[in-house]
Every structure is written in structure tokens, then in C-alpha cells.
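Only one chain is shown below, in C-alpha cells, and it's the form predicted alone.
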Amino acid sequence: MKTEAGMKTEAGMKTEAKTYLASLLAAHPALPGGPAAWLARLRAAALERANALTVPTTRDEDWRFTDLSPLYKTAYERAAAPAAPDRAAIEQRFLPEAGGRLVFVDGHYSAELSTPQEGDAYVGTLAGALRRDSAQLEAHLARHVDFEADPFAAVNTAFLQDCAVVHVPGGRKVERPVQLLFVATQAERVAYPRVLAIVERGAELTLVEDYLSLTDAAYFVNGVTELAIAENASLAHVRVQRESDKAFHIASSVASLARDARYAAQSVSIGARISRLNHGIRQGGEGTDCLVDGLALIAGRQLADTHSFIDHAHPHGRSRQLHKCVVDGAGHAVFNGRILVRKGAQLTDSAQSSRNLLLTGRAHVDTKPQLEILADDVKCAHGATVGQLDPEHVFYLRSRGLSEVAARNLLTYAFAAEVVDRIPVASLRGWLEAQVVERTHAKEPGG
């Protein structure tokens, strides 16, 4: 039974959430007439839906471990124009292996820093993609991430403007990775990154989605990524969030897999005061194969939340998921991994593992693996562990001549590096390995 004080608190939270959403939408730009009437209608529908929703609070089940009230304290404004970019600083984050590259600064496309493509694959902006094939865009844009119940996805769609579009025609293999770089440079601004990747039948692509900061200030990133993987196509997707420790990052990423499609994803969260990734994988045909890895490496007062949903809707699907969290200081990690095997999805083979390492007594993890099976001929497993370093492992390394600090550092690095080592881009893998070393290595006494 709710007390009067409790009801007042809940009403206050709902009012705060509604007021915050209204402040975001107040800066909504005029809808364009543009080359595609359907796009204007889409944005208008998303705006209408956003006005009908409220952003979540801890009263919502899916958000009960993630308190967004620090985000709601500031009415972030969209940058009217990109700041003059620090070209040298941004170029340091370019991946040398990348072929096509799109750079967005404070939510705006930077032509001077980008290397678009129109050869084996189209790597460019929404405007260019509309000129090439508006009908194809209409068939995929906002068709995979549902904004009807998600206020953040609705606001992102209402502000849809500078969208990164990658299209790989059927049978093409893109030899070099495509890098999408989203850079924040200004304080108290909000950006709405949008990604649409279409990998047609039999095609192959490696896509790196990279979020970084050139400021230590607070800002807000509200992103949406949609990945359409056609029959017998393959997509390797690396997502790195390495933003300011004062930033807020909320994103939805959904991959739709057709028959015999393959999807391999590695997601690494290092930065942000509060981050949340809603990661969905939807099976649209038989024989799909997906590998989903995640790593949260946080400390201080950071909160990293990952909610994943793997939807097995057809027979002979295979999925493997490994999510790891390394939590130092007073950090808080959240993992909610739901796997659904629908009726008729026979011979599904699915496994999920949530493994969490706490480095201090103040570190905190909430983990909830979920497995729902409605078919009767499947092979499925899931499990979760939360703990500190194994004293026996530490003792073993110390018996080999390592100090206790060095032994703990080595074990922590090995725990985190399992996910990083699977990243298919060598330079990014090396950078992340160095970050793992830096963030997991305590100093020797007196060092």
C-alpha cells in the first residue's frame, strides 16, 4: 500500500520526466518539405508519439536499477551548428584499416573529416541515400527500432536529419572496415546519432560505431542504430562508447537477421556518467547465427546498463552471448539479458553468460539473465556470476614471483581482455587493450 509521501514522490518523478521530455522537444526544428514526403511524415509521427510519452523513472520495471534523475536536471539543447573541430585530435582516432569513414561532430555531419564511398558500398549521409534510392530507405528506416513505446527512440526519430547510411549491394564483400565516428565537443548539448546499415544477400561488412569526447563536460547522446542483414549476409559490428565521465549516453541498436544471416557484435562501454544500451537481435528466418559480446569497464560513480533481447522466432537459430563487467570504485553495472525462443523455433541452440568482477567493496552489479522457451526441441543455457578475484589464482601467481598487486592486475586484465580480443580491427583492439591495462592496473604501494 502506497503512503501519501510515496504517492507524492512518484507523482513528482512523473512530472519531472514529462517536463524534461517537453524541454527536449521544444527545440525541434521545422519539418522539411524535402525530397521525400514519407520522411517528413515519419518525423511528424515520431514527434507526435514523443509528445504522448514520458521518459522513464525507477518506477518502470526496465529502469528500476538505473536512475536517470541526474540527466533530467539539465535541459540539454541541440547544437545549432558544429563547433570548429580539432582536426588533429579527431584524426588520432581514425582507424588506419578503415575504408569509408563518416564523422559527426556534436550531431552534425563533417564533410571535411569524412571519407564517403560509392563504389562496392555506399557510405554516406541520408541526403545522398535519398537521391540514390528513397524507396529502399523507406523500407528500412525506423522499421527495426520501434519508437512507439520508447521515448528516446521517438525523440531521435523526430530529430532525424544527419543520418549515417551504409548500403552493401548483394554479393559484395567490403574488404576494409567502415568507421562511423561520433564526436562530442560542446558542454550541455544533446546529439541524436542515427545509423542505418543495409547488408544485402550474400554481402559482407565490418562496421565500427565509435563514440568519443573531446570535452570533459556533461552532454547527452541519444542514439539509434538499425542493422538489416539479408539472406546469407554477414555483418561484424563493433560498438565503442568512450565518452566523458560526465556524459549521458542512451542508445538503441537492433539487428534484423534474414535466413542464414550471420551477425557478430562486440560492444565496449568505458565512458559516460550514465550509459544505457538497448541491444536487440531479431531472427527473421531459419539458420541464423549471432555472437554478441559486451564489456563494461567502469569506476568512480559511473553506471553502465545493458539490456539485450535475442528473439529466436524460426528454427535452427544459433546464438552465443557473453557479457562481462569490471566494476571499480563505487561503480554500478546492470545487465538484463533476455532470450526468447518462440513456439515453432525448433532446434534452436542458444547460450548466454553474464560474468561480473567487483574490484572494491563499494562496487555493485545487478544482473538478470532471462531464458523463455516456448519450443520443445531446443538446446539452451544461461548463467551469471558476480564476485571478486579468486584468492587461489592470486596465490598461484604470487608463488611464481609476482607481487599481489601485479597478480591482481594480470587476472583483471585477462578477465576483461577476453571480449576485446575478439574485435576484428587490429588498431582498435590494440587501443582498447591499452585502455584495459590502464584502467585495471593498480599501483604498487609507494608507486
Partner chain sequence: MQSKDGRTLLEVRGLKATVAGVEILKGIDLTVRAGEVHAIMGPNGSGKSTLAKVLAGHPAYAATAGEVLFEGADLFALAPEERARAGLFLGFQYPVEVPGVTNASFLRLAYNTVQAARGKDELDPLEFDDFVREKMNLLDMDVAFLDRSVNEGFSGGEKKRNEVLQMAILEPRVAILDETDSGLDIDALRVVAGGVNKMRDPGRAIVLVTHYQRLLNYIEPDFVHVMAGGRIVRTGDKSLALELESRGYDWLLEGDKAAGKAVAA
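Everything quoted here is computed from the prediction, not taken from an experiment. C-alpha atoms forming the largest set that superposes within 1.5 Å between two forms make up the rigid core. Residue numbers count along the first chain shown, from 1.
The same protein also exists as the form predicted in complex with its partner chain; that form is not shown, yet it is the one meant from here on.
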query: 4.5 Å heavy atom contact, residue 61 to its partner chain in the model of the complex; finding: no
query: In the model of the complex, residue 414 touching its partner chain (heavy atom, 4.5 Å); finding: yes
query: Contact flag, residue 403 vs its partner chain in the model of the complex, heavy atom cut 4.5 Å; finding: yes
query: Contact flag, residue 38 vs its partner chain in the model of the complex, heavy atom cut 4.5 Å; finding: no
query: Candidate stretches 391-399, 61-69, 40-48, 377-385 - the one whose heavy atoms come within 4.5 Å of its partner chain in the model of the complex; finding: 391-399
query: Members of 192-217 lying within 4.5 angstroms of its partner chain, judged by heavy atom, in the model of the complex; finding: none
query: Rigid core fit then residue 61 CA moved by 2 Å or more between the shown form and the other one; finding: no
query: Exceeds or equals 2 Å, Cα of residue 47 between the shown form and the other one, core fit; finding: no
query: Residue 381: Cα shift of 2 Å or greater between the shown form and the other one (core-aligned); finding: no
